[in-house]
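Okay, here we've got a single chain as structure tokens, the form predicted on its own, with questions on binding and movement later.
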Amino acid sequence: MQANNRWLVAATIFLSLLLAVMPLPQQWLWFRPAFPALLVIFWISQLPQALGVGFAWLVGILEDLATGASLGTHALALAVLAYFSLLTYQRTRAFNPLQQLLWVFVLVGINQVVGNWVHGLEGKTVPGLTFLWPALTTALLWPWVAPMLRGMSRRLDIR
């Protein structure tokens, strides 16, 4: 990745962190997409040689700081997500949009399960499977976000 174009990765991650803490009405909080997870999946699939688990861990630490979560909660969940993204990025590039949407749902679902597990260790329980709603809303955003970012990264020659 060219050093002068790294700002796009940083800017999108910063925007995702802002969206992660954007105020929402109480009834909509469970439906907030996991924006940092979405961008970790995208950037790792686009730049697997330059970005990896350490990148995801750093984004997770920043998300923990931004949201006030216990330090390491999002970091662990995003590191697991990044690991699976790195294992599968070559296959998922060949997927059609619906298959990619489903795979993003699975990846973000794993992210949410790990985060919920950590919250459970802290004594905070989540009723039922409501913690999986962000996986669905994030996956539904993928068909719009991924092509837009892919186009921007091509125009800026980010490889």
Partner chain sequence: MKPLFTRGPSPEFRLLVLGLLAVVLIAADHYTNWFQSTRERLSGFVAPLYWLTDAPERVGEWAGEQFRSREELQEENSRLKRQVLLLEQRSQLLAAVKAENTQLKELMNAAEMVDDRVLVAQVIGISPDPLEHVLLIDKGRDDGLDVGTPVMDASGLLGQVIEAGDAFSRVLLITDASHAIPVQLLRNSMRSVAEGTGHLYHLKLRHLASTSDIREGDLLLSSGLGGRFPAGYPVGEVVSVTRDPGRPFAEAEVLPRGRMNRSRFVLAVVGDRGQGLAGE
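Because the structure is a prediction, the values reported are computed rather than measured. Residue numbers count along the first chain shown, from 1.
Omitted here: the form predicted in complex with the partner chain. The next part is about that form.
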item: Segment assignment from 92-100, 62-70, 105-113, 35-43: heavy atom within 4.5 Å of the partner chain in the predicted bound form; value: 62-70
item: Complete contact of Leu129, Pro143 and Ala146 with the partner chain in the predicted bound form (any heavy atom, 4.5 Å); value: no
item: The partner chain contact in the predicted bound form: Ala139, any heavy atom under 4.5 Å; value: no
item: The partner chain contact in the predicted bound form: Pro23, any heavy atom under 4.5 Å; value: yes
item: In the predicted bound form, Leu18 touching the partner chain (heavy atom, 4.5 Å); value: yes
item: 4.5 angstroms heavy atom contact with the partner chain in the predicted bound form for Trp57; value: yes
item: Residues of stretch 111-147 in contact with the partner chain in the predicted bound form (4.5 Å, non-hydrogen atom); value: Val118, His119, Leu121, Glu122, Lys124, Thr125, Val126
